[in-house]
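Shown below, as structure tokens, is a lone chain in the form predicted alone; questions about how it binds or moves come after it.
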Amino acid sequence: MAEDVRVRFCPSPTGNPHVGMLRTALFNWAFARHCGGTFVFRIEDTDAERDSEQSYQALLTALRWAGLDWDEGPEVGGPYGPYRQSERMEIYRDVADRLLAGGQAYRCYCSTAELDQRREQAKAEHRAPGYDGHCRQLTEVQQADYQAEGRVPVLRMRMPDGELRWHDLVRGELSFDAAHVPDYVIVRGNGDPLYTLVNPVDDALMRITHVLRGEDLLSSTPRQLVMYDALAEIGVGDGTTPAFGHLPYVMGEGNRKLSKRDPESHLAMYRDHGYLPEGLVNYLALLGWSIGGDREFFSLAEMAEAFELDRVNPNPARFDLKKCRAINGDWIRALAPADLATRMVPFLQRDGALPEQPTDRQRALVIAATPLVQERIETLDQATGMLGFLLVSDADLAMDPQDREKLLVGSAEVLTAAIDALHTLTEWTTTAIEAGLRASLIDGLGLKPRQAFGAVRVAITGRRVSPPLFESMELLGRESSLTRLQSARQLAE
């Protein structure tokens, strides 16, 4: 591949960004970066009723969050702009007029009711149910008669006879019988251009060389190939027909295609739950592609360096939320502790464990505690449950009701022995705390470690599951640790 490779990612700004969309962007980005080519980001916003500025901004935010930069597109510019289709309407009108004048397209006056009636008739006669070409050869007189009736035409593209073949970069040789691909609408009766026109026009004018997109769009490829040929005939673009590669479906629960309606498809869910962009992007890369061997942990840069289309698997890929979370946990463990601490702070603030402007002491405490939880969390939103006890006042410590009932009731003797042992310590370090409690509770009372430290852990952290106990007590400090143990003893009594 040479550096003249040009790929495009062209979502519509409708609804919220989803993981399937991000995977498509990722594969196009990686292919462009691997080839030293150009990644074009353009917005298909010709549907004024469904498109929204909020969704548009969400798309920009999603790509930036994931670490995907673009060479041409919104807020970047480029030689083939504008990159929002809503700003290119004059271009589409001109091309439509030229296709009509050249005979590649024609006006169709059929009403919806007539189309439905002929479709039902075709089904009854076991014929292909698509458009039957009724208006293909209308004379000027016939067109005038329809216009006199007040009919408003759409513009249809003429499909050729015979077979349409192409080499798919992922699926190999493919073909469609033209009989099953009827003439299709490219401009509505109100003059609005459709995807079937604007997408190939932009590809041609923006010199797109490769189209990598989802398998759900495979059936539209024959129509686009015909359009590329027609555009070349009327001098739109440089005559290049892009090479197509159709990426495998992403399957959800029940072995069905992951839908926008599925909660796990929403990109916002992963951001809200504290998935790292590195972790989510790493997992999405595995949905239909392999870097080689059994390797599953790699960075964006490593993916771009290794990305080859022959490693894209045409078979459907299953989205496994548990595996996604596990890979995210691997990324959390790979971060420098100071970096992880910085990333946890917004979640601690969101959950009320930290104020909007944390003090230097609070920030230092989070940094010091980070190594205690780095091996124990898989998402950043778990930080509050693990570290919140260090950041609240002793009076505001919230105890898990079940853990309190299970571990504190009847533990007054254990807590009294722990308090007595800790009062005598001459230094407040992890080693001294552990030695003192073991001597008092295990050697002195003859308890097993779980019996000995369970009540102490709930008293200190409010939960049965927490960071390492002795290290946590050192960070919490002598005064707070003893205050919490004394309060817990009162509850236990």
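A residue's number is simply how far along the shown sequence it sits, counting from 1. Note that the coordinates shown come from a computational prediction; the quantities given were computed from them, not determined experimentally.
Quick note: we don't show the form predicted together with a small molecule, though the next part is all about it.
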property: Stretch in contact in the predicted complex with the small molecule, which is absent here, among 175-183, 113-121, 193-201, 295-303 (heavy atoms within 4.5 Å); result: 193-201
property: Exercise: residue 89 in contact with the small molecule in the predicted complex, heavy atom 4.5 Å; result: no
property: Residue 218: touches the small molecule in the predicted complex, heavy atom cutoff 4.5 angstroms; result: no
property: Any non-hydrogen atom of residue 12 within 4.5 angstroms of the small molecule in the predicted complex; result: yes
property: Contact test in the predicted complex: residue 69 vs the small molecule, heavy atoms, 4.5 Å; result: no
property: The single option of 156, 210, 223, 213 touching the small molecule in the predicted complex, heavy atom within 4.5 Å; result: 213
